[in-house]
Every structure is written in structure tokens, then in C-alpha cells.
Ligand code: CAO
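A single chain, nothing else alongside it, follows as C-alpha cells in the form predicted on its own.
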């Protein structure tokens, strides 16, 4: 084992940039290309990776330090490190992206494409050459149609998993049309905007720096050998255009109390890793005030905000907008109720406290709202599935080699689609005093996971067969158990089925998943003696519990829906009618 100093590589022609984030600590084991620190200039921030693998023995930088090419970041204890310097010396240095926005060196990021003078009139602004990258994500948009744009004024921010940077305008004028939005993927040459107005001046082209060669190669915005992939655009939240970077933020110290009704404090000031962490937790960065240098939002700020929201000590702006005004006095959740009892359970015996999972906290709030706001009624019924179960078992035996196991829930989904088509009010949603009748059939099904209940959605179930539905259900259920379901895979349902499967129980009253107007609860089927007019016959009976919104559906319609659903399950040929 030997000690190796890891230094700041060549990241372009710059003087000094600030360390804004430490991603490792002494004792950590790091791999080659693992990010160690985040540095930032006034134009971009990026993560500095390790040049070798090993165990961190000493950090040589702290938050706020200024570093430049060759500055020692940390000391690693690395196996076989003695051979590494010699090997590294024989290879040409791979320049990393500039982080100070400088345009005087060929290795730095050329943030503005070279253009020629253009006469007044419509002008197209394209993504310039910002290095060897593909499909980076737009995370912020700073302008809107009608804004007066100056040369070099920032239009958008793009981000990879290693760095984020602002893309400026190559021309001046009035923004006529913006061609991108938050979440879009862009590449070199993509059209960003169309400007109208005064004759635009060409923006300067990077000139070669002395001693650096004359090759016109641009440094990659995404650091080499990065194996990480950008997150889905659906996970990103739109951020407001800033009045000024860091406006309304303190210069360090403790952040001011969160006020969800206040106007946005400006462009969120955070590194790519903190932005990614916030997106994973669903935290709106524009509502946070950072405690880091120059008001920078740190990972601890995101964690503190999340804990405060979960504990009910604060609200996001979206929650505050939806929350009803609380009446005067201590009324309990604004509903005129007495306060929730506070009990010291330790007085009665030993206890153990465990925090609820994030999924249970989120779903709990939705369930409470739905249970209180919806005048729900539940109809209970039984249906004979003896013949359908025999058909299901024989089908699985015949198709054993396919690897697809057909479940009763797949038949239930197809049967519900048929019932929704016959009774379209069950496939509607309230919108003020109007009803929205959906012409599509997306069926949600409750999936039990280690983290709580989740509801994946089978899209366009009317266009899919039993085998396709069974296969898709298995894939979605596995994603739910692994915590990998995307928001898109849990949205858009018209009707939900909550099945307890073979667990047990007879009937229950499921809570409607708003904005749907009905939900079907299914319990374990049991063999029962059923009178056929001459004798009692053993029949497999499936208990059904249909909960419906009385504002939209009346009792007679609900009874007809349940009866028709039972008829289909009793003779599945009816789905063809």
C-alpha cells in the first residue's frame, strides 16, 4: 500500500474556483472516477472525480477553499499506486470542462457558437458546441417569449450527472419563440429559440491560449468514464426564472424560517448532486434557503426540509395552496374537531418508536382527504367463479412453458372494463359541477410492498388480452416491490381494484382513490353450498365490495354494476358481447 495525492486535473483556463461540496470523508473507500468534491464558478458547477481508487486518509480542502489545476484534493492509500504515476505520465491529460465560463482557451467550454453578423429580423439560436456529450437535460429556463435578450444572456441551464452549466444567447433581440422546456433533452445544434429585433452582433469565439496547442477540441461537459445516467424528466420539477442568482438568500449561517406562501427566492443555488437528491425526495429547491456559502443549498438543507414537511412543521407551497383556512381556536385539522390526544405511552410499559415510511405518509394524507371529502357508500355482493377458476387453472397448465401465470385479477380487470363500458358514469371524474367522461380504460391495482401500498396502472386495458395483462401486472408488481415504479406508471387510472387475494377476509370498505369515483374490493374466494333449485351444489364464490361516490352514482346504478360484473365473472363469454 502507498499514499497517493489526488490533485485537481486540467479543467480549463481559469484562476481559482470555490469548493462548494465535499462528497467523501476520511475512511471512505473510493473508486476511480468517483466524485470527490464539487467546484463552482459564476457560470457552472461540476464534480471532480478521483484519478485512482483507494481509501481516503486525509482531506486537503474544506468548504469555501479556492482550488486550481494541480491543487491537492486529498491523500489516498492505494494498492499498486507506485505504478500509477508512471502510467499516467505516459498518457496525455484529458481536459475536463471549464467551470469558470472562460472562453479564452481551446480546452474550456465554448459556451457561445461562432456566428457572423446578421441583419435585423428573425434569428435562430442553437445549442453551441459544449463538448462531447449526448442528450443532456434542460433543468431551468430563464426567459419567456417577449423578453428582451442580450448577447451572452443565459437562456437555459443544462445538466449531466457530473456538471451543470448555463447556455447563453449568441444574439440580441426580443424572444419570439422558445423551442425547449424543462425536462427536454438537447444536443449540439438543437434549436433553442427564435429572436426578433435589432441587428445582432457576433459573439466572440474562443481563441487558442498560448502553450496549449492549436487543436480546436472542446472539453466534454460530462466527465469521461461516467457510468451514470440522467434521471427521467418526469422526476424534474419546473423552476422559476430568477430575478438574480442568489436573490433573497443569506450569506451563510442559518436559513430563515420556511414560508410556503412567499414568492420564490430566485434561482435555486445547488450542485448537480444536491439537485438529484432533491428530485429523488420530491423537494422543491426553489422554496429552500441554503445554509452553505453564498446561500448555497446543501444536502443537509434538503434533509432538514424533508423532515420538517413529514413532521408537519412546514408545508410546501403546493400544500399550502391546497390547505383549507383553519378556523379560529385549537379545532383540530381545521374541521372543528377536538385536538388529537397526546399520550405518554411509556407510563404504561416499554415502547418502541418507528418512523412511518415515506409512501405511507404520502398515501395516508390522500386517504384521509378522500375518506372525509367523498360521500362514499359500499355495496357487498358474491359472484360464482367456479367455471372461471377451472378455466384459469387449465389455461395455466396448457401454457406452462410460456412462463406467464394468469391470475384471477387479470380476469377481473377485463371484466371491470366491460362493466365500465356499460355504465360509463363509473369511468368519470368530477370537475366542479361537471363530469368528465373518459374514453380510455386505465385500471389501477393495489400492490402490497415492503414500503407500503402502491397502485400501478394497466394502461388501455380494453386493448390488451389476458396474457398481456398478466405479464404487465407481474412486471409492475415487481417494480413496486423493488421501489422502481415511475410516477407515470402510477398515474392516469380510471378505476382501481384492491384485491386481498388469498390472504382472507370476507368483505371490506375500500377508500376511493380520487379523482376516481369508484373502487372495487375483492377478498378470498371460498367454496359454499349454493341452491340450484333442486339441491345444494358446491360453488366457488368470490366476495365483491364496490365503494362509490354518491355525488356521481346512485344506489340503483351501483347495484346494477355489481350484478353485471358478477354475471361476466360467472360466464366470461359475456365480455365478447
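Numbering follows the first chain given and starts at 1. No experiment lies behind these values; they were computed from the predicted model shown.
The same protein also has a form predicted in complex with this ligand, omitted here; what follows describes it.
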Going by a heavy atom distance of 4.5 Å, is residue 498 a contact of this ligand in the predicted bound form? yes
Please run the contact check for residue 448 against this ligand in the predicted bound form: heavy atoms, 4.5 angstroms, yes or no? yes
Answer yes if any heavy atom of residue 502 is within 4.5 Å of a heavy atom of this ligand in the predicted bound form; otherwise answer no. yes
Does this ligand get within 4.5 angstroms of any non-hydrogen atom of residue 550 in the predicted bound form? no
Note: exactly one of 67, 53, 542, 512 sits with a heavy atom within 4.5 Å of this ligand in the predicted bound form, namely 542
Identify which of 366, 379, 407, 468 has a heavy atom within 4.5 Å of this ligand in the predicted bound form; exactly one of them does. 407
Interface segment, criterion being heavy atoms within 4.5 Å of this ligand in the predicted bound form, picked from 29 to 37, 53 to 61, 518 to 526, 531 to 539: 518 to 526
Please state whether all three residues 392, 477 and 481 have a non-hydrogen atom within 4.5 angstroms of this ligand in the predicted bound form. yes
